[in-house]
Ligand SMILES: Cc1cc2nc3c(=O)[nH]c(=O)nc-3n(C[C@H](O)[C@H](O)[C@H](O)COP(=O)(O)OP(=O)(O)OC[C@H]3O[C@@H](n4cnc5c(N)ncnc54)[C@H](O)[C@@H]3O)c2cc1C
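As a starting point, one isolated chain is supplied in structure tokens, in the form predicted alone.
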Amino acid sequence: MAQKVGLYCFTTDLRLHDQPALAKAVGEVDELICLYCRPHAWDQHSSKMTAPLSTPRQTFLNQSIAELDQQLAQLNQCLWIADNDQATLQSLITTSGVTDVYISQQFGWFERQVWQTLRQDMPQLHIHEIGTHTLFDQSNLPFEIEAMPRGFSGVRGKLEKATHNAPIVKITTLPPPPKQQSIQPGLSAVDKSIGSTANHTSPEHQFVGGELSGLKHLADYLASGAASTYKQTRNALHGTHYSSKFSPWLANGNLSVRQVVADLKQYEASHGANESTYWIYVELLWREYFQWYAMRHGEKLYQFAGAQNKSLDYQNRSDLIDSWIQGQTDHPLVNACMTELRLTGFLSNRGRQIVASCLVNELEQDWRYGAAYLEQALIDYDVATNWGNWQYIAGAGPTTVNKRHFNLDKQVAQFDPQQQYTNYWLEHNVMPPNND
């Protein structure tokens, strides 16, 4: 009987716990190649996925890759890295005799095109796409994708009544790599030093990429008891446990959202459920909503007029967009938020709403430039939640509601009345010299 050679392509699933896609490969192939497909950010100026990632985002990603490589080595496997392009994938598949490719379900339209083209060009290849990034699989959603309710409320009502998937056990064994495997053109081994660089550190910015760090953060957050007061603190601009801060590890797939919910339920069983613990679940349903929204609307996720082809009126002035990016606007709170984002790769949910509202309202600029910049900058970048939330703020979303406008004076009065947050980050807003 012919050997089955599998290729597992890691993307936003950099973990071994609750890994149904990898588990399927383990159960079906004799030999396995493990590959990480390197992402590129959306370059709004060139309309291509070519923009470099920010240093904080790249650092968090490198840490995640390095830790995954170490875990795979303990299972007698190794991780290769390649760009997510057709030529490299097809060459690897052909030269290695790959019979089956395994990937986590992709929600971004451009990400899905890679695999759609591969299916067309190599029809003999078996491509298995399995959900690992969401609570629900497409097969057990309580609605058809094409008929999903337009707004969050309708989706939430259906999801809350349905039963989502439970996490599966951690992968502890893997098929061996092919005996004759060698470095192929376009592939590289993991540099053992890439996980050693640290991001901007402060008591509230202890973000280290990787599955073990993500699981530790989940355990520490629940052990702190902060989940029981989440709803009262979630809109703060800064602090250690004002929000769960699960998002960096969820976005990179270091943490499974199904594991997060399972552990949250255990917390409720031990400490009691209340409105705050429930609201953590609601926020995870928002994340779920945007994944299926992205799947439903495809390429329209990135288009100016959005899913409903709305009539919008925004400008495209590079000087105003650059001032927003560099934290040099006429609005100190916005500047503080943009400085925190640039230096750390992270920003509170309230901060993200404030800076997005400023770009589309006070500055009246095309929302897509904001979405593209946050794609480059955020350590917790997620294609669906990022672009979906920007559409929501800009009035390009699925509902009849116009764009959201946050009164900046009111935001200061409510969330930074002593300007402690603003002053702290403005002190750090030192721009590199212009060498032009």
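Since this is a predicted model, take the numbers as computed values, not measurements. Note that residue numbering follows the sequence shown and begins at 1.
The next section is about a form of this same protein that is not shown, the form predicted together with the ligand.
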(request) May I ask you to choose, among 104, 353, 213, 339, the residue with a heavy atom within 4.5 Å of the ligand in the predicted complex? (result) 353
(message) Which residue, 66, 29, 393, 372, is the contact with the ligand in the predicted complex, using a 4.5 Å heavy atom cutoff?
(response) 393
(message) Tell me which stretch of 30 to 38, 407 to 415, 57 to 65, 380 to 388 has a heavy atom within 4.5 angstroms of the ligand in the predicted complex.
(response) 380 to 388
(message) 297, 308 and 399 - do all three of these have some heavy atom no more than 4.5 Å from the ligand in the predicted complex?
(response) no
(message) Using a 4.5 angstroms cut-off on non-hydrogen atoms, would residue 344 count as touching the ligand in the predicted complex?
(response) no
(message) Against the ligand in the predicted complex, would residue 155 count as a contact residue? Criterion: heavy atoms within 4.5 Å.
(response) no
(request) Answer yes if any heavy atom of residue 246 is within 4.5 Å of a heavy atom of the ligand in the predicted complex; otherwise answer no. (result) yes
(message) Considering non-hydrogen atoms and a 4.5 Å limit, does the ligand approach residue 287 in the predicted complex?
(response) yes
